[in-house]
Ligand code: AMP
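Next comes just one chain, in structure tokens: the form predicted alone.
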């Protein structure tokens, strides 16, 4: 069994052996949702990916402090330092208070995460609950000479910071290259440098969400929020920081700059980023008309969807692509995942039916090692799933009497399969309560009883014909030593 965990570190662009700062303990921060609208699938993929990482670290025996924030202030449209506040704009449209918007979409976010069976983080701090910490951090950055106040707005001085540290190290870009890609400052712009960004933004008379600070009434910049909250709960330097790859170039780059300017220490040892979503190989976006919400995906209420897909089938689908690779949605892929998920769960359900023998025809220790080897290789869920299907093959083969397994290996197989399917991947059984499914279940019980009566009369031709006719309608009857069972195969 591979004992060392290796992680692809965005900061160094290499796969590195994971060594936590404090043995046996892990500090992990993930940038959470901006709760001014329904959570989108890109966010869901990120949070499901880090739930997998969190679960595996727990499985390995680490004591993990997982911090995932709620952004409920300071996020302006276009992720810039000027423009409308996303919360205030939505509040005006709906004629409610901004914090009503925050509450509504925070609850909605938690509901969706519950549908995907993700674990709650250890701490879920809000930006508005940590204004004091952000003000103190800004004061320290100013005192260290890396920020300046103009008319109540505090800007981070990127070029001065770059003289001591490397701005842009997360994306491996030099300051000169970054400057080439930005516009020249206009005479109206109060910033000293083109790349300077706001730590604190002066409030306008009409600003709804504002707080008093040494520089006047205003609100925090988006980036300082995560720096303040992560350092408060995880320390000036911690183990893991994650988020979507769209945050890498600006948000996470600015987090590093702020934290180093404040604490003179690199804030994070390992940076992890999830990749983007596409639909039929086109990047998912509202403007392209191919963006659908989790709710639309579950119900099938979208022109691009042929039907609705269950949360576990969607989660299973996401696990089939490594978190650093592009994930492409299509009806064909989702429907294949439905069948794959059902096949895996059906095999796990059979575990308690297996009878031990005096010998094992498969190496269960090697199979278990393959599960760990996959996850220890940068949390490689697709390889883990392939190995779990090998476990499913063994289960089905033993159940059909084609292979044998000892009592000791059977217990090892049960423990390993359940641990990685339920505890690590976070999958769960889905039982439908629809009237149609209940009717089908009842009808099949009647049919199997009728078939048993036919077989009891030794009319095997009629019994086989009934089985074959059902098979034509994609209902498979299997005669086992414990009696007949039925399933709808892929």
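What you see is a predicted model; the values in this text were computed from it and never measured. Positions refer to the first chain, counted from 1.
The next section is about a form of this same protein that is not shown, the form predicted together with the named molecule.
Colleague: Counting only non-hydrogen atoms and a 4.5 angstroms cut-off, does residue 424 reach the named molecule in the model of the complex?
Modeller: Residue 424: no, not in contact with the named molecule in the model of the complex.
Colleague: Answer yes if any heavy atom of residue 338 is within 4.5 Å of a heavy atom of the named molecule in the model of the complex; otherwise answer no.
Modeller: Residue 338: no contact with the named molecule in the model of the complex.
Colleague: I'd like to know whether residue 43 contacts the named molecule in the model of the complex, with contact meaning heavy atoms within 4.5 angstroms.
Modeller: Yes.
Colleague: Using heavy atoms and a 4.5 Å limit, would one call residue 47 a contact residue for the named molecule in the model of the complex?
Modeller: Residue 47: contacts the named molecule in the model of the complex.
Colleague: Considering the named molecule in the model of the complex, which of 322, 139, 283, 210 comes within 4.5 Å of it through any heavy atom?
Modeller: It is 283.
Colleague: Pick from 351, 346, 175, 276: which residue has any heavy atom within 4.5 angstroms of the named molecule in the model of the complex?
Modeller: Selected option: 276.
Colleague: Choose one stretch from 461 to 469, 59 to 67, 35 to 43, 448 to 456: the one whose residues place a heavy atom within 4.5 angstroms of the named molecule in the model of the complex.
Modeller: Among the listed stretches, the partner-contacting one is 35 to 43.
Colleague: Could you list the residues in 246 to 265 that come within 4.5 Å of the named molecule in the model of the complex, counting only heavy atoms and keeping sequence order?
Modeller: Sequence-ordered list: 246, 247.
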